[in-house]
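Before any questions on binding or motion, here is one chain by itself as structure tokens, the form predicted on its own.
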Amino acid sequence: MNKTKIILDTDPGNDDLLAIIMALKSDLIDMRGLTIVGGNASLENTTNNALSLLTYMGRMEVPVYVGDASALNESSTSPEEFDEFKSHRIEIHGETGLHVSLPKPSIRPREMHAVDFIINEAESNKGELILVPIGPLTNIAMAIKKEPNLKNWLKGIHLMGGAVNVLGNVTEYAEFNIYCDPVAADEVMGSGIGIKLCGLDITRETSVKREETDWLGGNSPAEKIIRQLLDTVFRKLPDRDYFSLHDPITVLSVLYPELIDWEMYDVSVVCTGSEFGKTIGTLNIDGTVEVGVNIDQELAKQKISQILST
């Protein structure tokens, strides 16, 4: 069986946790490594969360490479706006990025920088490697800038980010991952690399509802920690009746892209002004960004639960 080689670039993060576990458990994925970016929490916390999750899952052989913290808008927004952004981040993901406790890591990150690992893996696996960024795009933009041949070496990029035809979730205009580093996002979107964009257009409504207590019924370590996560989220956020599967949908798009309706766009990102972080999409049959515009939600949730239950 030919497995799909991926690097998961991540900022763990509650929904990142589900996505990472999916990638670890799928028989169709060859996880080359995790590269870490800041976003849902500080770079220190997102790194620790990744190491702790691998320890919990007994997958200590998976290498972890630390990248950059992402812009987080400190240089692009006012102190008041940045404080509001941090409050939003903490409300959704908690102080450390996760609403569950994981064991102390028994492994350490590798010495190589995440950007160099991405470049090395792409060169060693030309035409076979898919990058799967599910956080801010800082590391990916840096890698493209450092090694322009990535455009020719990568099989593609499947990324979670943006809101092309719907409203944002941090501001009216901006989705969280893009808002964290819109300059990097704009550079990646315009890189010419083939991209499948899993934005809020398809990820926000694909969710586990509060009443779906039987979504995961087994007792594998993965299912136990995810049930604990969902229980905690719904308890801590009593006004929230759903948990969106943003990042898991992006991993699912690697495995089953046929579950999603795609349309070809040119995509750019607004980097200044009142619409800061907005993804602008223009339909173009010759574009390089395939935007997910519709998804079979129930089948997607079923596929995700099947992977998690193995």
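Numbering starts at 1 and runs along the sequence shown. If you're wondering where the values come from, they're calculated on a predicted model, not measured in any experiment.
Although not depicted, the form predicted in complex with a small molecule is the subject of the following passage.
This chain is drawn without the small molecule; in the model of the complex, the residue among M160, L131, A184, I202 with a heavy atom within 4.5 Å of it is M160.
Though the small molecule is absent from this view, in the model of the complex it lies within 4.5 Å of a heavy atom of just one residue from T279, N49, S253, N40, which is N40.
Looking at 21-29, 8-16, 283-291, 296-304, the stretch with residues near the small molecule in the model of the complex, meaning non-hydrogen atoms within 4.5 angstroms, turns out to be 8-16. The small molecule in the model of the complex is approached by N169, whose closest heavy atom lies within 4.5 angstroms of it. In the model of the complex, no heavy atom of T138 sits within 4.5 Å of the small molecule.
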